[in-house]
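A single chain, nothing else alongside it, follows as structure tokens in the form predicted alone.
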């Protein structure tokens, strides 16, 4: 499917993944989809928002999201057999992974990386969250490296500490794929640059159209929905807005910390 009009789809299943984290499944194949691309999800009479795809199965897809504001609360409350609209996929995804690719994700950012983790050695994936009850896919990817800020599951600390260790080891690493808070991704970029490894990140910005018309998702000179959301790190280094500023619904540019709080109420 690649259509700029929403396709009405019935929700097949709703699954709770962790605290405030849910996955909805709909029957769709997303022909031509590349992991890292996104779809626009529409709730009739409510709004439309962009989401990554966390499950890519034979005849259905899953979209994992964190309940924060009005839209996601409504989405989580939608019953089985409820109807949502989906259009896409949009944007540029990740390159093909290989056996020496490392995938590293924090918080809900892990959701758009999950189809990539399915393709690599699970021990090459690093997944982090603030605590055990907020950790995604613990049972799905049992061989992954897990970290929690408070030490309630896996290694206490940050995903970047495990990444540093892996890149310092003699084992060959070809590239690193990353999605999560920008402060985390900024640190991942620094570590990869230090070890001379290719790094690709998935950037999140507020999107209205999804295909580069409205300009709402600009980050510096980058149109995130069309030129991204996946960027090679060299293309965002020096970007004055990455990890510093983002635009809210009105178009006003605010510090990333304020943007994150605003998204929690949207």
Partner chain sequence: MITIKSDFLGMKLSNPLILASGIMGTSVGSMNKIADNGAGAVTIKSISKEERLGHNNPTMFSFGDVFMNAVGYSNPGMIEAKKEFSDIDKIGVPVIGSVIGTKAEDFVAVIEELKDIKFDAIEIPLSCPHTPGFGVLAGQGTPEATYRITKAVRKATRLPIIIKLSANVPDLTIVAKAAEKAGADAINMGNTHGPGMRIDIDSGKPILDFKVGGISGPAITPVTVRCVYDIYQSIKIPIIGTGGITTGRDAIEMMMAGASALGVGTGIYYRGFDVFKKIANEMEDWMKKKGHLSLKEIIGVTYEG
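Not measured: the values here are computed from a predicted model. Residue numbers count along the first chain shown, from 1.
Quick note: we don't show the form predicted in complex with the partner chain, though the next part is all about it.
Checking 53, 230, 199, 207 for any heavy atom within 4.5 Å of the partner chain in the model of the complex turns up a single hit: 207. The chain is drawn here without the partner chain; in the model of the complex, the stretch among 24-32, 58-66, 215-223, 232-240 whose residues come within 4.5 Å of it by any heavy atom is 215-223. Taking non-hydrogen atoms only, residue 251 approaches the partner chain to within 4.5 angstroms in the model of the complex. Using a 4.5 angstroms limit between non-hydrogen atoms, residue 83 touches the partner chain in the model of the complex.
When the partner chain is considered in the model of the complex, residue 87 lines it closely, a heavy atom lying within 4.5 Å. Along 4-42, these residues reach a heavy atom to within 4.5 Å of the partner chain in the model of the complex: 4, 5, 6, 8, 40, 42.
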